[in-house]
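Taking the form predicted on its own, here's one chain by itself in structure tokens.
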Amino acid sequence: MRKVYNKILSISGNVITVKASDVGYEELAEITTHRGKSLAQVIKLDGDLVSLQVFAGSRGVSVSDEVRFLGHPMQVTYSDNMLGRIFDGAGNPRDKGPQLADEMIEVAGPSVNPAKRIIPKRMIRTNIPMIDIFNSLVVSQKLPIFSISGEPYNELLARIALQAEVDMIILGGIGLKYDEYMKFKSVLEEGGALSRSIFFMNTASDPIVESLMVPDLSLAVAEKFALKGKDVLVLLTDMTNFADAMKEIAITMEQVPSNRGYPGDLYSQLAARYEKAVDFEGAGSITVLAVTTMPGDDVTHPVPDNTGYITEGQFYLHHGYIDPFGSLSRLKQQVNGSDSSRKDHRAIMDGMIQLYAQYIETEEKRSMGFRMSSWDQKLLKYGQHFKSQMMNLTVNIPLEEALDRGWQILADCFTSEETRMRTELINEFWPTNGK
């Protein structure tokens, strides 16, 4: 039987407080106002005092309104009918399609038992050389994209959504501008990938509590599809907006703030989402790729700082490129040179990055007016080729073609001896028009 209360003790921002018993943390409630019904969620329990965050905001809510507890936490529908659909941060249709209620599942459940996970060993190809060659994305990996405002991180996510070799995409937008949301929709629609995608979209004008729900909704649905045997790639943008929503609610609740005003459980809250990444034995997988914007390009900011302790590396987007030095995939050694790629993969990755590091040093020497040797000139030529043909995010080629292109860049700039590649690899892969 649903518990009904007709007296709200206080209204503070979008948080209301009632006196109630036998209520669970994160339980949903329905508030009946003169405007209609609105959902709220329990966010704090203090004895019999229950604080609820109102999804649509507390405007129009009065102390005499009826609060009806539903007896269960947030739920979301789950079925194949979700493919190609767009939902908001409360799980309601945003695309004017029919409401789905085929099978309701609870969100924000526990992470998978580590004993049930298998060691990641399969690459997810994206046709982006800076990922596929230099920082391979691995099935069941959890990786953030560290970036700053103005960088093309959403464009990068859209390309990955279009090109990643997975069964389905779940895209969670947190606090997006409306035009960013529409850009995702149009790119995937025009690219023919919308039919294998599910969107959970919260825009900046939507209730802030819904931005907290987007990762949980996305990951709950992903887990169900993964258990059915699907390889699911979950793309989230932006987890800093998620953390800022937590911060705003914590301030409203007058919680004691931690670093820069964020709640003290920021690490646990982020980890609870990222640890949903898993490769199920005998079933499918969940891979998580999430944008984390860094205010002021400060990697020590609490959100990227905590994220770095949880995830298995990061893609660092800098000046429109995936930075070859700031980026790291700690699981790439699981797939480089394995059945997922080619035997020259690791040699090309290591050799080209070493030469690019030398190019950076030479570029600094040139900018300070030092005389350039013939070797310096070769490095300068190589650096420009590497940037335009590998680092440029518009480059869209399969892994094998990218590896061949790597050999061609080396052959255009150096002799085979200067690359210090192994003789057997040079004999097999060095271009016939090389030096």
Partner chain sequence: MKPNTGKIIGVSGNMVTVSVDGNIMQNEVAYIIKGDQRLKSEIVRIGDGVAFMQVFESTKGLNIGDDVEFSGQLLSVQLGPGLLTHIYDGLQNPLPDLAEAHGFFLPRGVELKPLDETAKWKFTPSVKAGDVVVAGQSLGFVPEGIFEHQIMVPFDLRGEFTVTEVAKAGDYTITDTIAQVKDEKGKSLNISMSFRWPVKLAIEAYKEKIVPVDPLVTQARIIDTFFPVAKGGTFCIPGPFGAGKTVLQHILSRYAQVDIVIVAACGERAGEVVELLREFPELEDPRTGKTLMDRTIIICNTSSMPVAAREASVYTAVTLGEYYRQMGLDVLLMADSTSRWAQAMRELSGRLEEIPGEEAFPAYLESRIAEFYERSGLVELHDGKVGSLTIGGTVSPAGGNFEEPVTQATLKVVGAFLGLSRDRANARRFPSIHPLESWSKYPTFVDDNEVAAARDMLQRGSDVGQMMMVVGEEGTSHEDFQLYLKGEFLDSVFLQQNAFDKVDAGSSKDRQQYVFAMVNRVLKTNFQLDDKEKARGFFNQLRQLFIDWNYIAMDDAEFKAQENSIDKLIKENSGNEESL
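Take the two forms, superpose them, and find the largest set of C-alpha atoms that agree within 1.5 Å; that set is the rigid core. Numbering follows the first chain given and starts at 1. What you are looking at is a predicted structure, and each value in this text was computed from that prediction instead of being measured.
Although not depicted, the form predicted in complex with the partner chain is the subject of the following passage.
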query: Selected contact from D179, D102, D339, E281, since only one has a non-hydrogen atom within 4.5 angstroms of the partner chain in the predicted bound form; finding: E281
query: Contact assignment for the partner chain in the predicted bound form, among E189, E165, E106, D297, heavy atom within 4.5 Å; finding: E106
query: Stretch in contact, per heavy atom within 4.5 angstroms of the partner chain in the predicted bound form, of 302-310, 150-158, 179-187, 90-98; finding: 302-310
query: Within 4.5 Å of the partner chain in the predicted bound form, all of L39, A56 and Y321 (non-hydrogen atom); finding: no
query: Contact flag, I397 vs the partner chain in the predicted bound form, heavy atom cut 4.5 Å; finding: no
query: Heavy atom of T77 within 4.5 Å of the partner chain in the predicted bound form; finding: no
query: Any non-hydrogen atom of G24 within 4.5 angstroms of the partner chain in the predicted bound form; finding: yes
query: Partner contact for R420 in the predicted bound form: the partner chain, 4.5 angstroms, heavy atom; finding: yes
query: Partner contacts in the predicted bound form for 365-394 (non-hydrogen atom within 4.5 angstroms of the partner chain); finding: K365, M368, F370, R371, S373, S374, W375
query: Core-aligned CA displacement of A271 at least 2 Å between this form and the one not shown; finding: no
query: Rigid core superposition, D350 Cα moves 2 angstroms or more between this form and the one not shown; finding: yes
query: Core-aligned C-alpha movement of A29 between this form and the one not shown, 2 Å or more; finding: no
